[in-house]
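Below you'll find only one chain, the form predicted alone, shown as structure tokens.
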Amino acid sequence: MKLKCERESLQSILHRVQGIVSSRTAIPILANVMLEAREGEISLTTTDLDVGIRCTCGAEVEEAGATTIPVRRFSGIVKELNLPEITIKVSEENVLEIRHGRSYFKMLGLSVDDFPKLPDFSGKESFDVEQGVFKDMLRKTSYAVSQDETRYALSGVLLEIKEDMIVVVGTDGRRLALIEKQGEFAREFKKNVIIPGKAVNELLRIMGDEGTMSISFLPNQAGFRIGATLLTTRLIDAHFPNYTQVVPGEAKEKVVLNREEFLSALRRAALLTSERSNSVKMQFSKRGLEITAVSPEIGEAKEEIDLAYEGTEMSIAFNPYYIMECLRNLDDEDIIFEFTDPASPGVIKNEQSFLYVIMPMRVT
């Protein structure tokens, strides 16, 4: 294999693919990137067996071929070479060479025969969606995904497609984030799958705000085509809980809060929480909203927000970090906060089809 390509283009796609590779793997070839050169282009592929990614860029290919080499070392070399173009040569023994002036690099690779193949989505059922729309949906829900490996079904986001609507849901059992978007998809197209958290994080990293993307499915795999990049992932084979049962009915009280003001007050109050006292108390009254945090071993914080409130005076405690994560991922100037009593979930809504349910905490 012998080729020449722009260093900037090569560095860009290397940056995209190396995020998949774990720093520790029991299978040596999974620490490698597969280089494939064919007429007019070079493609780079990495995988951890669950998530895989392939990126392509233009190249002057003198001799086609393929090999695999350690991705982090290769990326480091490309980054440090201050060149407009890079010439790469690979021997039949999978030895890669880069020469330029007084610089010379030789890397020992492994044969592509043992490199896992990515699933083929050619001709499979798929639909198109705007990148910016799907990116926004994942951003507003993925933070609620469970980090507990034993809760397998909750370790990813639910993607539900039903004719003209996409629903994305993330939950860890203590809070739930849900967003719906209308769209024109293929008639009779229905899907209900769980996308693993790692794949979601990679999608958020590589998706843009403009242009469309294509989502394809196999029985236990999903593929996301974004321009010259294909990300594949194994789907979570588990039953996602019925999220509609978690969403409360009509709330007794509703208030409108400035998102930034609410977030700032919570952030300051949270400074006085601890592992043992990890809640803030929100007291709603005709005087407004009072947010307090009390930690016997640390101290006390109190924040007040002016609020037009005519409902029943009430105190409810929540984990402030759960509310703050939600507020940080919204763009609205104001949000709607709904509640019924100290033992019932609180709900955050915006003017679009977004809903966030958070369970209250007991405070003695």
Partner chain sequence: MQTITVLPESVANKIAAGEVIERPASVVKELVENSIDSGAKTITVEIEGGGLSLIAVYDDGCGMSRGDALLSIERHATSKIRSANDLGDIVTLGFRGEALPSIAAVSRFEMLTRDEGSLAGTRIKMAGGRLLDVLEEARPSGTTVWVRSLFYNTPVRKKFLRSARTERNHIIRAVVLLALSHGNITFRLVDSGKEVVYSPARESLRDRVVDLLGADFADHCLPVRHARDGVIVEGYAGNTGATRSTRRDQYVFVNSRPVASPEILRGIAGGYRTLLPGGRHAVALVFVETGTAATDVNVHPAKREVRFSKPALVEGVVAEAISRTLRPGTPFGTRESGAPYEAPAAVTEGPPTKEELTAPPVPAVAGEQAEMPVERSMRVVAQMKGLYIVCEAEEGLVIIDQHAAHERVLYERYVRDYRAGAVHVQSFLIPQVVELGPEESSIISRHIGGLAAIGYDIKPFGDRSFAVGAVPAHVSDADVTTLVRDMVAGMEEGPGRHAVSGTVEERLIAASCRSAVKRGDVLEPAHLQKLVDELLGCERPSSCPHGRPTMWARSWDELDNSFKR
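Residue numbers count along the first chain shown, from 1. Source: prediction; values computed, not measured.
Separately, the form predicted together with the partner chain exists; it is not shown, and the next lines address it.
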{"item": "Non-hydrogen atom within 4.5 Å of the partner chain in the predicted complex for each of S23, T229 and T232", "value": "no"}
{"item": "Region of this chain that lies against the partner chain in the predicted complex, out of 88 to 96, 274 to 282, 101 to 109, 254 to 262 [heavy atom, 4.5 Å]", "value": "274 to 282"}
{"item": "In the predicted complex, the residue from S146, T212, N201, S126 that sits within 4.5 Å of the partner chain by heavy atoms", "value": "S146"}
{"item": "4.5 angstroms heavy atom contact with the partner chain in the predicted complex for L289", "value": "no"}
{"item": "K140: touches the partner chain in the predicted complex, heavy atom cutoff 4.5 angstroms", "value": "no"}
{"item": "Heavy atom of T47 within 4.5 Å of the partner chain in the predicted complex", "value": "no"}
{"item": "Exercise: T150 in contact with the partner chain in the predicted complex, heavy atom 4.5 Å", "value": "yes"}
{"item": "Contacts with the partner chain in the predicted complex, stretch 316 to 343 (heavy atom within 4.5 Å)", "value": "N319, Y322"}
